[in-house]
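As a starting point, one isolated chain is supplied in structure tokens, in the form predicted on its own.
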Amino acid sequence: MNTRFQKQINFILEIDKLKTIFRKTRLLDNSRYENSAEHGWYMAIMAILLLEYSKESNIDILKVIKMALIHDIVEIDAGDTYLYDSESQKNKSQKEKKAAKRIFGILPDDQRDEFIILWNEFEEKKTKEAKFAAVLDRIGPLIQNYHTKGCEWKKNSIKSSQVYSANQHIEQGSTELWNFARQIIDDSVKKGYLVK
């Protein structure tokens, strides 16, 4: 087996661990928490389905899908950081950068560099692809929280102002999906899934 192929196989074996990283988002049937691999798959499917709602035209959909699939690989080492846990958010970036270097470092140099560039682009949220990928990263959990009657929001005493603040960047990538997110948040308050 050549060295390049062995590195690719080693990476494939390593990322299987993402299936064991559980998020603070429940499946729609409320049977268990979603894992980070499922979250990336969910985002990739949404990228294909919801592309027409991007604020920008000429989006490189393959790039968005790649971002969706790799953006949380760092959680293998860094763990999932709950969006509304301000204390854990403080050292998230440092932990994830270290994880990105190690995990993507398993790959052949050209693929390592591509993945690190894509991961950084997603984190910076400045390009049209990264902005749209960031929309998808948040829409899924909003839908899931809403359809589980705010299960995790209630458990963690999350307020609507926190949800608005953490998700406001959706507007940068999609007006329609931001309007949809606002409807979810407002209706969640009306139904008692979120505290005002």
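All residue numbers refer to positions in the sequence shown, first residue = 1. Computed from a prediction, not measured in an experiment: that's the story for all the values here.
From this point on, the text means the form predicted in complex with another copy of the chain, which you will not see here.
Segments offered: 137 to 145, 165 to 173, 124 to 132, 152 to 160. Contacting another copy of the chain in the predicted complex at heavy atom distances within 4.5 Å is 137 to 145. Taken together, Thr81, Leu83 and Ile117 are entirely out of contact with another copy of the chain in the predicted complex: none brings a heavy atom within 4.5 Å. Another copy of the chain is not drawn, but in the predicted complex it has no heavy atom within 4.5 Å of Ser88. The closest heavy atom approach of Ile103 to another copy of the chain in the predicted complex falls outside 4.5 Å. Proximity of Glu38 to another copy of the chain in the predicted complex falls within the 4.5 Å heavy atom cutoff.
Contact check for Arg182: no non-hydrogen atom falls within 4.5 Å of another copy of the chain in the predicted complex. In the predicted complex, the residues of 37 to 76 lying within 4.5 Å of another copy of the chain by at least one heavy atom are, in order, Ala37, Glu38, Gly40, Trp41, Tyr42, Ala44, Ile45, Met46, Ile48, Leu49, Leu50, Glu52, Tyr53, Ile61, Leu62, Ile65, Lys66, Leu69, Ile70, Ile73.
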